[in-house]
Ligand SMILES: Nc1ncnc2c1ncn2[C@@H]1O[C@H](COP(=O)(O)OP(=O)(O)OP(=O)(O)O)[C@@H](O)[C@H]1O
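Take a look at this one chain, the form predicted on its own, written out in structure tokens.
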């Protein structure tokens, strides 16, 4: 196994389809994300953080470059794949939007996360699940195990598993979304602003869950995050993007304490 989970080479992305006339968002972006680590991805608004996630997730194309992903078995160029196959090779993503099914139960939200077709045809997935009741027992047991590992015995989510997800607070829905990712055996998680807009108490829980997933399961995690404190307590390494370029990489305390970063990011 290589030392990286993602290696981005010479990635170029223009703002429009006419790359000869459009200003570039990324111009030959090159960076490696180490395997088994939590990486904080920071930058000013419009720096390209979410666009980079979208390119990695195959929701957006780029003009040129390679993104090599090592899932432990082989190295794969993600740019040759379509979005619907990423789950099968071990990549999961938490979007800024919770993507929680509010009119379904907490448990059903988790069970959908264990389906191969989740994210593509969720309602067909539900129909198929009725034909495979024997598999559902296995998934329910896995859901209980995940919730127990993350939140402890007799946790709120399991105790209220038959309640509608709409009854959860926004922060609790974020936690549920992270837990749902574990229903598949991911090697890499992309978390897009997991703590944005949540109560400080929930923010602390999300930070604890991120570290727990990384340390207990060895999952590599890349986080887009604006909160310095979240990066400090979760990340092993921090990458600061400015105007589509990698401006600084290093331990969180070094990047957050960097005068250039602080001036560009928070104006001090």
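Just so we're clear, the structure is a prediction, and the values are computed from it rather than from any experiment. Residue numbers count along the first chain shown, from 1.
One more form of this protein exists, namely the form predicted together with the named molecule; it is left out here, but the text below deals with it.
The named molecule is not shown here, but in the predicted complex it comes within 4.5 Å of a heavy atom of residue 45. A residue is said to contact a partner when one of its heavy atoms sits within 4.5 Å of a partner heavy atom; residue 49 meets this definition for the named molecule in the predicted complex.
Residue 108 falls outside the set of residues with a heavy atom inside 4.5 Å of the named molecule in the predicted complex. Contact between residue 96 and the named molecule in the predicted complex is found at the 4.5 Å heavy atom cutoff.
Among the residues 226, 64, 217, 199, the one placing a heavy atom within 4.5 Å of the named molecule in the predicted complex is 226. In summary, the region of this chain contacting the named molecule in the predicted complex, judged by heavy atoms within 4.5 Å and restricted to 37 to 45, 64 to 72, 209 to 217, 231 to 239, corresponds to 37 to 45. Contact here is defined as any heavy atom lying within 4.5 Å of the named molecule in the predicted complex, and by that definition each of 15, 25 and 193 is a contact residue.
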